[in-house]
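There is one chain below, alone, in structure tokens, taken in the form predicted on its own.
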Amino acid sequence: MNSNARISTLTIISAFMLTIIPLPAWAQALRPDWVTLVLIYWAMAIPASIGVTIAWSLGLLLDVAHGALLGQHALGLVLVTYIVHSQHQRMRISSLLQQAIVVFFLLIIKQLMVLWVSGIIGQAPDIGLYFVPSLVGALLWPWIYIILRDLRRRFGYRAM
């Protein structure tokens, strides 16, 4: 396994750990979508290595972790990864603020896909605080980007 695959795998595992770690009830609504944020970064940084197949696999793992309908998160992650792949060169040259805005809309798209599938099967969640994690994720994006970029550079990535 080369250094590209090692560091991206470790950060994705870390994102899963942050996703399943128990939080107090008041903080549940503030938990960002860590896996989607990390996947967005790697799909933008190394699009040749992180594609829709990996997004689908991660989505299925998220479905299992959340006890959701199999394919629910996978569909959203595939759509987000496809959009990132089609726009990764534009996203790379954007400022962190512009990237955060794009990431906010990508997280909203993923949340809408999950909400849509939940609605179809009759298990739509309370919509009150449903999109707060997208906002929190967008606010955290500059730090996530900088941390992952520094890890990528430290372990040999020079592509971005």
Partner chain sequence: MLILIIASVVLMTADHRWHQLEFMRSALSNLLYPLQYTIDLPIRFYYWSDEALSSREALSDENRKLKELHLQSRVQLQKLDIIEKENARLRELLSATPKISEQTLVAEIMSVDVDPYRQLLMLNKSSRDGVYDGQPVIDAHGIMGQIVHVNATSSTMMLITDASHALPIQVNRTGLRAVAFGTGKTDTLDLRHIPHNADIREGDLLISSGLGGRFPPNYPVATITRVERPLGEPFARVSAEPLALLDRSREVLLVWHNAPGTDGTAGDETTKPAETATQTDEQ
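Numbering follows the first chain given and starts at 1. What you are looking at is a predicted structure, and each value in this text was computed from that prediction instead of being measured.
Another form exists, predicted in complex with the partner chain; not displayed. Remarks below refer to it.
So in the predicted bound form, are Ile13, Asp63 and Tyr82 all sitting within 4.5 Å of the partner chain, heavy atoms only?
The answer is yes; Ile13, Asp63 and Tyr82 each reach the partner chain.
Partner proximity in the predicted bound form: Phe104 to the partner chain, non-hydrogen atom cutoff 4.5 Å
Phe104: no contact with the partner chain in the predicted bound form.
Though only this chain appears here, would Leu129 touch the partner chain in the predicted bound form if you measure heavy atom gaps against 4.5 Å?
Contact with the partner chain, yes.
Whether Gln28 contacts the partner chain in the predicted bound form should be assessed with a 4.5 Å heavy atom distance threshold; does it?
It does: once the partner chain is placed as it appears in the predicted bound form, Gln28 has a heavy atom within 4.5 Å of it.
Against the partner chain in the predicted bound form, would Leu69 count as a contact residue? Criterion: heavy atoms within 4.5 Å.
Within the cut-off, so yes.
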